[in-house]
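Before any questions on how it binds or moves, here is one chain, the form predicted alone, in structure tokens.
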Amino acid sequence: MLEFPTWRKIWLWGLTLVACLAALPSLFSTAGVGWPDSLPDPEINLGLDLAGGSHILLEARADQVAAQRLENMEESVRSLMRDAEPRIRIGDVATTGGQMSFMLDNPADLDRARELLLPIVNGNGLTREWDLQVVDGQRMVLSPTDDGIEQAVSDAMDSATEVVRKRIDALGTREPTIIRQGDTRIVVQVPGLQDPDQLKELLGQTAKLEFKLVDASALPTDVAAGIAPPGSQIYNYSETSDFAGQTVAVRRLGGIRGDSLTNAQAGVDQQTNEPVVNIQFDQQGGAKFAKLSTENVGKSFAIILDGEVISSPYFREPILGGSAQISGGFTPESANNLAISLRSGALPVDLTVIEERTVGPDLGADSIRKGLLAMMIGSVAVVVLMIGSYGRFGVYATIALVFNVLMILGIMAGLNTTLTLPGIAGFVLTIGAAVDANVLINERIREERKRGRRVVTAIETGYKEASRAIYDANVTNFIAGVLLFLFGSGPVRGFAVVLVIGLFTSVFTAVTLTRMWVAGWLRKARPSDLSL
């Protein structure tokens, strides 16, 4: 057990030195040192509590979810009645007071219409989403249930949280904190981002993209007065549009939504040299876009983003292939933000920033300073205690402790993980675990010597028996650390990362490295007794 062939010693020393060298950029200034952009940052990323950053609180509009459900239900009802065999003809659809109602042209179609509506009324079977009533024998009324609205808001917030996470990840930030707070709020904390304006611009955009036909039959005077023809609605042009301040009437139904996008990239128009966003639809969306453009060549369509028209070009020819270009007075930054938002998907509900603040690094610097001071005082006390108690073996434990610290830092830098204030606590905890491991080993060796075993046998038995207990203890800690990482967020995950890395390095340095050193000393010195 104390045999260490040359190849194994080379491998252990190589692994140790590589991990320790990776820690140097985080300990010493690397200003002026060239570092390839293709490689990850060699320094450890500091969390919001240590490096400062941006904190914003977003709030969703629950009433918007209800309105969107009503609109989706209207489209579903029209589609079901139109596709029925034979077709079920209905009159105008009314959506007032949070309810939707429509009249069947033929009362004899009542049972067939009810049969078609039951699946979407009952939802997933766990929550009844809509109440269906029949009034006067041929008018059907759909009313959303409270449970259905509550479930819809919860689902929308889950989706919004995931979209927010995708958008922030696209900025290249690491270890952001994104958690739901209550029913309609999301807390976002981004370490290292001192200017929250970009974050607000990115998250404040719903990125709900729609393509709708312009209603050419609408009279300009009515449109200017905000009066839309039946089946159409009025939209304002965005402030960045060439038609800012004007309005346009578009057909309410029959357009294409941006939820079928597969990609969006910022680019430059080859003719005008203006920033644009190039988008790509999936197969189904591309087919719809091709059909819409083919059937309406020569007609104008509106590109609507978050309820504002950013441009209204003409279909000059069928647009096949599922790709299109969005222009609308973008800057390079706004085009890139829009591309990120479209790639991440539209927010299912508008999010409003209700609180924002920039966290300075002063608190973190003070925490780091006090943490380092505590670590230094504690380390000196541990070193004195270990060397005083175990002599040579205490020296080995001290050197192993230094390597343990450097390896943790090096591995964290290599994995681009983030060090948070709880992470420092995890750091100290793993150092304590490494010291405990050496105490267990040395005490076990001391017991074996008291039992009269020879030096080599005592050391071999001590390492073997103590290692078993060390492995068992660290397995349970490892499971706890993994669970914290999987189910935690932000600083909690930072603690878990340091804890898990520290468990591996502490076992490696306290058990494997010290055993290699002790084995080398035994072969060289061949002692007849131990001073433990």
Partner chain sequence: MKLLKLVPDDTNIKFLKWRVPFFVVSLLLIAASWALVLTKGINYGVDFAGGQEVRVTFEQRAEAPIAELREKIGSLGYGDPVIQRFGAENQVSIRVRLPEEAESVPGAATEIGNKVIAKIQSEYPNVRRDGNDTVSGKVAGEFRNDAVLALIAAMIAVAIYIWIRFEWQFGVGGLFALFHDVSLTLGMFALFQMEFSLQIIAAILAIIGYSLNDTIVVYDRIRENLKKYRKMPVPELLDLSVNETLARTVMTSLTLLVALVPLLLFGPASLFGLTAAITLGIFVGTYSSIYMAAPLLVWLGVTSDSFVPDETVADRQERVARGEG
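Computed from a predicted structure; not experimentally measured. Rigid core here is just the name for the largest C-alpha set that superposes within 1.5 Å across the two forms. Numbering follows the first chain given and starts at 1.
There is also a form predicted together with the partner chain; it is not shown, and the following applies to it.
The stretch among 287 to 295, 420 to 428, 219 to 227, 403 to 411 whose residues place heavy atoms within 4.5 Å of the partner chain in the predicted bound form is 420 to 428.
Listed residues D105, E71, D282, D436 were compared with the partner chain in the predicted bound form; D436 is the one with a heavy atom within 4.5 Å. V353 is the sole member of V353, V456, V121, L253 with a non-hydrogen atom lying within 4.5 angstroms of the partner chain in the predicted bound form. Although the partner is absent from the chain shown here, D197, G432 and V475 each have a heavy atom within 4.5 Å of the partner chain in the predicted bound form.
At the 4.5 Å threshold, heavy atoms of T358 reach the partner chain in the predicted bound form. Contact annotation: I179 falls outside 4.5 Å of the partner chain in the predicted bound form, judged by heavy atom distances. When the partner chain is considered in the predicted bound form, E43 lies well away from it, no heavy atom lying within 4.5 Å.
Although the partner is absent here, F28 is not a contact residue: none of its heavy atoms lies within 4.5 angstroms of the partner chain in the predicted bound form. Residues from 434 to 454 that approach the partner chain in the predicted bound form with a non-hydrogen atom closer than or equal to 4.5 Å are V435, D436, V439, L440, E443, R444, R446, E447, K450, R451, in the order they occur in the chain. The Cα shift for R449 between this form and the one not shown, taken after rigid core superposition, is 2 angstroms or larger. With a cut-off of 2 Å and the rigid core superposed, A473 has a Cα displacement that reaches or exceeds the cut-off between this form and the one not shown. After superposition on the rigid core, the Cα of T145 moves by less than 2 Å between this form and the one not shown.
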